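One chain is shown next in structure tokens, namely the form predicted on its own.
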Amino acid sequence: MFDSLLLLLNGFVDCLSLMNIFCAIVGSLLGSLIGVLPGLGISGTVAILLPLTYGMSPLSALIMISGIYFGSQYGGAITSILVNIPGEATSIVTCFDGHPMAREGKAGKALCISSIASFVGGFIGTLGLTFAAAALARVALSFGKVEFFAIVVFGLLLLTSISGKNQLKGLISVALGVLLGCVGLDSLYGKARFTFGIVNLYSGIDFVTFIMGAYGITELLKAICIPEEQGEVLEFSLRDQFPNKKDYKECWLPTLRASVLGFAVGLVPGAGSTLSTFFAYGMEKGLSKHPEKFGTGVPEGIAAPEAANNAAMYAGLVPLLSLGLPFTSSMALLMNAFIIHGITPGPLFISEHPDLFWGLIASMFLGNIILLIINLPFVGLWARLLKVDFNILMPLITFITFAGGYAINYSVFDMGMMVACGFVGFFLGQCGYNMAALAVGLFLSPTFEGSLLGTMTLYHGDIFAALWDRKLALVIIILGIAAFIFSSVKSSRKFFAERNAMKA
């Protein structure tokens, strides 16, 4: 521990040069911008900017590229809170309480809570990465296809419990999302499924295209079809845009819990960051003394997912830095940045390049502070955007949505798909179906299918034998089923109690 602290101090000495600080600021700003403008995407931006780092020192290049990743987590909450449009899967849960709070005239407070929770989550995630990377990497590798399958099933079952008042509709939404995720070529045999002969659908329904439609276009349709439901944002003063003692008291413990949980879940390769937000939100809703208020604009409902997704982002670096194994496209691009500068991440990275490793770790602490400093002063400005005349704001949202939809793959077909998803989202939303559950079902569908096929292949089609053989997976499945049953019973009791009260 003492040796690690000394090496970390040396890392701070290396990263606090003017050039490295400049790179950290540029990376953080670019990352925040990516988060604010849905559709740009981290991977695409890094791929474009990677050639610009060729002339930099390895440490400066890595600091700037990693700053983009972590900054995007901060920026993603801004559109989720202000206009109910998440740019990434990890920002969906923030919409649940963030946007209702913004409609109450507390957008600045929601953004402040989001920024502070992101800072705490990032700080705790960096601590975990600093002192336990090698050991945690071995834990991450111990998870096989069966464990991935169990975790995804647990996540989907939990999603139905927190996705609304009607759990049956939540279950239908999740199932429909998983079904939509099956559109395209089969990952095992390469057979086209549900494509109806449309070649553009062979690659499936792009997740970002879907949420841009299901959230952005849906908001536009609501404004056109049911303008009476839009309402006005309540008046607010600048003082109201910052958390008070009561808010801090309500948020500090959920933030810490969600940060630890987010880091643990983030070790799961693939969808760990997204799952962590739902796990954190579900945990806080279950522990809360007023669970019925979740979804109406409670501070804990913002702090928990934001802390979780930032901590999970750092956990995703554990297998990359310790073992040289990238589990997502964005991590693969980060690994490419290492290789371009003559560095190979893996077991020997820390011993062969201690200056780079500890300089990078130190820059993560620095980047978190920079992001907090960047975001907090603009809280009032972002909040006042909601006071812009609705006739100006809605065309602006529409422009951002269509520009983001086109920027994903530069495809007109994607824009048409986005509009179609918007109509589907509008009609399902009016029927009481939760679009967040559907969106996350779509996002997790490839992971669910891949882990299920892998499990069935390993155990010759006997899923029960697989679960019995892998006890950890069995425990996870049992916990998921128990949580689903508990939530169903609780929901049924509430339904019958309300019906009896109406009869009386």
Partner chain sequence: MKQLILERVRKIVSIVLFLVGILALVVTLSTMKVGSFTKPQEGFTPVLFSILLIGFSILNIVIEFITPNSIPGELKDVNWKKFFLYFAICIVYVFLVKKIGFATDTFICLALMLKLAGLKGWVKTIVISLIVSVLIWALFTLAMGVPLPAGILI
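Take the two forms, superpose them, and find the largest set of C-alpha atoms that agree within 1.5 Å; that set is the rigid core. Numbering follows the first chain given and starts at 1. Not measured: the values here are computed from a predicted model.
The form predicted together with its partner chain exists for this protein as well; it is not shown, and the discussion that follows is about that form.
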{"query": "Every residue of Ile34, His99 and Gly342 near its partner chain in the predicted complex, heavy atom within 4.5 Å", "finding": "no"}
{"query": "4.5 Å heavy atom contact, Phe448 and its partner chain in the predicted complex", "finding": "yes"}
{"query": "is_contact(Gln430, its partner chain) in the predicted complex, heavy atom dist at most 4.5 Å", "finding": "yes"}
{"query": "is_contact(Phe423, its partner chain) in the predicted complex, heavy atom dist at most 4.5 Å", "finding": "yes"}
{"query": "Thr398 within 4.5 Å of its partner chain in the predicted complex, heavy atoms", "finding": "yes"}
{"query": "Partner-facing stretch of 370-378, 411-419, 351-359, 101-109, counted where any non-hydrogen atom is within 4.5 angstroms of its partner chain in the predicted complex", "finding": "411-419"}
{"query": "One residue of Ile198, Ile226, Leu253, Leu287 in contact with its partner chain, assessed in the predicted complex (non-hydrogen atom, 4.5 angstroms)", "finding": "Ile226"}
{"query": "Option touching its partner chain, based on a heavy atom within 4.5 Å in the predicted complex, out of Ile205, Ala264, Leu333, Ile172", "finding": "Ile172"}
{"query": "In the predicted complex: members of 208-222 within 4.5 Å of its partner chain, any heavy atom", "finding": "Ile217, Leu220, Leu221, Lys222"}
{"query": "Core-aligned CA displacement of Phe448 at least 2 Å between the shown form and the other one", "finding": "yes"}
{"query": "Rigid core superposition, Asn200 Cα moves 2 angstroms or more between the shown form and the other one", "finding": "yes"}
{"query": "Met64: Cα shift of 2 Å or greater between the shown form and the other one (core-aligned)", "finding": "no"}
{"query": "Distance direction in the predicted complex for the C-alpha atoms of Leu452 and Phe263, relative to the displayed form (3 angstroms or more)", "finding": "farther"}
{"query": "Pairwise C-alpha change, Thr398 versus Thr94, in the predicted complex against this form - closer or farther, 3 angstroms or more", "finding": "farther"}
